[in-house]
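So this first bit is one chain, no partners, the form predicted alone, shown in C-alpha cells.
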Amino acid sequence: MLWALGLWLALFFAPLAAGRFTVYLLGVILVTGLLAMSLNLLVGHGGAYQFHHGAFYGVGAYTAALLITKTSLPAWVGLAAGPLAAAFAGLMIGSLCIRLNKLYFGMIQISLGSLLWILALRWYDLTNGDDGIHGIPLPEALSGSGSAFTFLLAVVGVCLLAMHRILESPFGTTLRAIRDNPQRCAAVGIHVRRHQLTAIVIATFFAGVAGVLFVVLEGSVFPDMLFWVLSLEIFIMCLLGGWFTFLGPMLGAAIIVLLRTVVGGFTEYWTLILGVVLILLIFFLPEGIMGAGHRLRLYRRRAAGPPSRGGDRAAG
C-alpha cells in the first residue's frame, strides 16, 4: 500500500503542475472510483448483487442540490445530508430486497431504483425534470478548481481508509464468509441478512458521498445519474479492475474514464473498444487486472518455496 500512499500524496500537487482539464479528469476518476469501490464492498466482498447502485449516487447528489437551491440552509448542510439520505434510501430498499437471493435481489433493486429515476425525471416542480439542476452555489472554500480538487482528494482518501478499516475488521471478515458460503454462516449462528443489510447501508452511504462530490465537481445534477446504465458501467469497472481486490475498482474507473475521454475524442464508437477489452478480460483475466497481479504474486511465492534448512544453517 506504500505505492498508493505515494500516489495520493503526489495527487495533492496536481493542481500546481497539471492543466485545468487534467485536474478535472482526475476529479472525475476519483468520484467515479469511489462510487465503484462502494459497489464493490457489496458485490466483491459481500456477494450481494446490487445491480442499481447508481440510484443511491443520484439520491446523494439530488439531496445536496435540492437543499442548497430550494432552502436557505448553509451549503455545507446540504453536502452533509446527501450521504445520509442515500444511506436511508439504501436501508428502505435493502429491507425490501434482502429477503431475496442473488438474481432476484438484483432485479427487485433495478425496479425500485428505476422508480427513483422516474421521480427525478418527471417531478418537474422539484427537480426540473430532464433539464436537471445547474449552477448550484457552493461554499466559497470550494469555489476554485484547485481547492475543489483538494477537497475531493481529501474526502475520497478518508472514505478509502474507512472502507479498508471496515473490510479488515471482524465485520468485513464475516461479510466475505457470507459471500463464500451463506448457508454455512447461517448454520453457525451468523445473522446473514442483518450483516448484508448493514453492508448495503454502508455502501449506499459511500455512494451518497460520491454523489455529493459530483455536485462539488460539476455544480449540477441530472436524472441520468439514477439511470440503470450508469449502474452497469460501474459494475464493469469492478470487473475490469478486479472485484475481489480493494483498489481494483478504482483502477477500473480510471481505465474506463480515460477510454471514454481519449478514445471518445477520436471516435464515437469507444464503447466498441471497451467491449473488445472486456471480452479479452473475461477469457484471459477473469479476476480482473489487479486480481491477476495478486494471483501472479502468489504463484511466484509458491514457486520460490520456503528456504531450505541447510541454507538456514549456512547463513547462521
Partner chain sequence: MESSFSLAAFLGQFLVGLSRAMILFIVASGLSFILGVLRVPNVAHGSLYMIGAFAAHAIATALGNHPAGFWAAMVGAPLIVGGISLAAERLLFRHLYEREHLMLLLFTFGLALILGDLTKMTWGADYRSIVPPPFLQGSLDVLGTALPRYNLFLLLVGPAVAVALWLVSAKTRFGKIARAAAVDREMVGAIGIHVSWVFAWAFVLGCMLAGLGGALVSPTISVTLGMDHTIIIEAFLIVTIGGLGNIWGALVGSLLFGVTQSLGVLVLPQFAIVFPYLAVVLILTFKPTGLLRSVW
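Residue numbers count along the first chain shown, from 1. All values reported here derive from a predicted model rather than from experimental measurement.
There is also a form predicted in complex with its partner chain; it is not shown, and the following applies to it.
For the three residues 100, 235 and 279, a heavy atom within 4.5 Å of its partner chain turns up in the predicted bound form in every case. In the predicted bound form, residue 108 approaches its partner chain with a heavy atom inside 4.5 Å. Contact annotation: residue 171 falls outside 4.5 Å of its partner chain in the predicted bound form, judged by heavy atom distances. Among heavy atoms of residue 228, some come within 4.5 Å of its partner chain in the predicted bound form.
In the predicted bound form, its partner chain sits within 4.5 Å of a heavy atom of residue 112. In short, of 263-271, 63-71, 30-38, 246-254 it is 263-271 that has heavy atoms within 4.5 Å of its partner chain in the predicted bound form. In terms of contact with its partner chain in the predicted bound form, the residue from 186, 84, 77, 118 that brings a heavy atom within 4.5 Å is 118.
Checking 212, 156, 239, 178 for any heavy atom within 4.5 Å of its partner chain in the predicted bound form turns up a single hit: 239. In the predicted bound form, no residue of 174-194 lies within 4.5 Å of its partner chain by any heavy atom.
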